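For reference, the chain that follows is the form predicted alone, supplied as structure tokens.
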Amino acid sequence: MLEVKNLVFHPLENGLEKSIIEDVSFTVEDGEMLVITGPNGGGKSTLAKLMMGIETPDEGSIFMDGEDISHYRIDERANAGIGFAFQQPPRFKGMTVRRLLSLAAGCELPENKCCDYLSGVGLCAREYLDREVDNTLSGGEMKRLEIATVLAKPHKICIFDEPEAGIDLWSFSMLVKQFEQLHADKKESLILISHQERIIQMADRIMVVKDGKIEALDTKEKVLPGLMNEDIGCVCMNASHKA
């Protein structure tokens, strides 16, 4: 179980303190799918980075299975069982897709396993294995590779920051099936940051974050009707049509 207690994040911007996250607390149970949504700029991605250790909170604590991991580095949190997929994935010139997947898995993956992970995110596997993870890949291709690296290793909890961004509808459908299977297996907890109704519909619980605070946190049945009826700019009907 992941437990977030009273997180506060007030970074300095141009010498002035800016309020991004304000006293946020929630839990994610084993095997649960929590979807975080809300208006753009509300603090969702920052909250994900605080959980992964990319950013450091000014106050508050994070616990994994009862252990305080608040001061763990990124690699220590990864070893503790947290997986993370960036909204804007990093590129690695000189590194092949095959090598990246093996590094993510923590062992040398056979070609057939690499192909399985790539096919699962909508990429024609054999065309990508020996390509470099550099600027020759489009944003959509990078996003799918990023998700494949997270899927390549078992985790206790996986955090996906807007996994639908920059991918076409066919790949989006395949991605949804991956999440549905992960959720059905109940081996990993999932935190998905998303504006997409199809992803939000899969949630056990929905958390709405606005202006750095939790505006709503409850079951899908209780929260979703309010999202659809209120114009808060957080639910979209379709995935993007980007490559």
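Residue numbers here begin at 1 and follow the sequence given. These numbers come from a predicted model, not from an experiment.
FYI, the form predicted together with a small molecule isn't displayed, but the following is about it.
S.K.: Of 181, 40, 201, 56, which one comes within 4.5 Å of the small molecule in the predicted bound form, counting heavy atoms only?
M.R.: The residue from 181, 40, 201, 56 that makes the contact is 40.
S.K.: In the predicted bound form, which of the stretches 23-31, 57-65, 40-48, 172-180 has residues with heavy atoms within 4.5 Å of the small molecule?
M.R.: Stretch with heavy atoms near the partner: 40-48.
S.K.: Would you check whether the small molecule, in the predicted bound form, lies within 4.5 angstroms of a non-hydrogen atom from each of 77, 81 and 213?
M.R.: Not a single residue of the candidate spot has a heavy atom within 4.5 Å of the small molecule in the predicted bound form.
S.K.: Contact between residue 162 and the small molecule in the predicted bound form at 4.5 Å, heavy atoms?
M.R.: Within the cut-off, so yes.
S.K.: How about residue 205 - does it come within 4.5 Å of the small molecule in the predicted bound form, if we only consider non-hydrogen atoms?
M.R.: Output for residue 205 is no: heavy atoms all beyond 4.5 Å of the small molecule.
S.K.: Are any of the heavy atoms in residue 102 no more than 4.5 Å from a heavy atom of the small molecule in the predicted bound form?
M.R.: Because no heavy atom of residue 102 falls inside 4.5 Å of the small molecule in the predicted bound form, the answer is no.
S.K.: Does any part of residue 13 reach within 4.5 Å of the small molecule in the predicted bound form? Heavy atoms only, please.
M.R.: Result yes; residue 13 sits at the interface with the small molecule in the predicted bound form.
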